[in-house]
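Form predicted alone, single chain, as C-alpha cells, below.
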Amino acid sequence: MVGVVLVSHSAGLAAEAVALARGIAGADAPVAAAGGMVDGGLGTSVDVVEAAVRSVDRGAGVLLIPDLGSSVLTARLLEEDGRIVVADVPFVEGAIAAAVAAGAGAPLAEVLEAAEEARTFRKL
C-alpha cells in the first residue's frame, strides 16, 4: 500500500489534516504527519519527514504532499525516482484524494494522479 506524508511548517496543521484524511479515507489509510521542527517549533525538518516516511513505507512507494515554500524544498530532498514522489497539489484536498486512493490499494502513479485531480475540484 502507498504511504502518504503531509509535510507542513506546523505540526498541528499536519496532524489535523491527517485526522481529516483518515476520517474520510478510513483509519487504516497509511497517512502520516510531518509538521514542524524536531523541537516542535514552526518550520520543516528533514529528520521529521524521514521519520514519517519510514512510518508509512510499506514498499509500494510514498507520496509527499508539502504545504508551501520551504516544505517543498525539504520534501524534494527526499525524492527517490519511483519510490518517493513529491506532489504539487492543494494541501487538504490533495491529501484527502491521495489517502482515499492509497487506502483503496492504488499504485503510486494512481495515488499521485488522484491527488493532482484535486486541483480541479470546485467548491461552488
Partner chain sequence: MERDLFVAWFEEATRLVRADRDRLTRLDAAIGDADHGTNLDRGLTEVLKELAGSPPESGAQVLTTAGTTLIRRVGGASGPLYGSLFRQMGKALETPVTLAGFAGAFEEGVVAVERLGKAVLGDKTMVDALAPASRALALAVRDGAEVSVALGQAARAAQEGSKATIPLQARKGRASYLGERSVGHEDPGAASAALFMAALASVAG
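These figures come from a predicted structure and were not determined experimentally. Residue numbers count along the first chain shown, from 1.
Below, we refer to the form predicted in complex with its partner chain, which is not included among the displayed structures.
S.K.: Go through 35 to 43, 94 to 102, 53 to 61, 22 to 30 and give me the stretch that gets within 4.5 Å of its partner chain in the predicted bound form, heavy atoms only.
M.R.: Only one stretch passes the 4.5 Å heavy-atom test: 35 to 43.
S.K.: Indicate whether residue 47 is a 4.5 Å heavy atom neighbour of its partner chain in the predicted bound form.
M.R.: Yes, residue 47 is a contact residue.
S.K.: Is residue 83 close to its partner chain in the predicted bound form, meaning a heavy atom pair under 4.5 Å apart or at it?
M.R.: Residue-level check for residue 83: no, no contact with its partner chain.
S.K.: Is any part of 55 to 80 within 4.5 angstroms of its partner chain in the predicted bound form by a non-hydrogen atom, and which residues would that be?
M.R.: Result: 68, 70, 73, 74, 76, 77.
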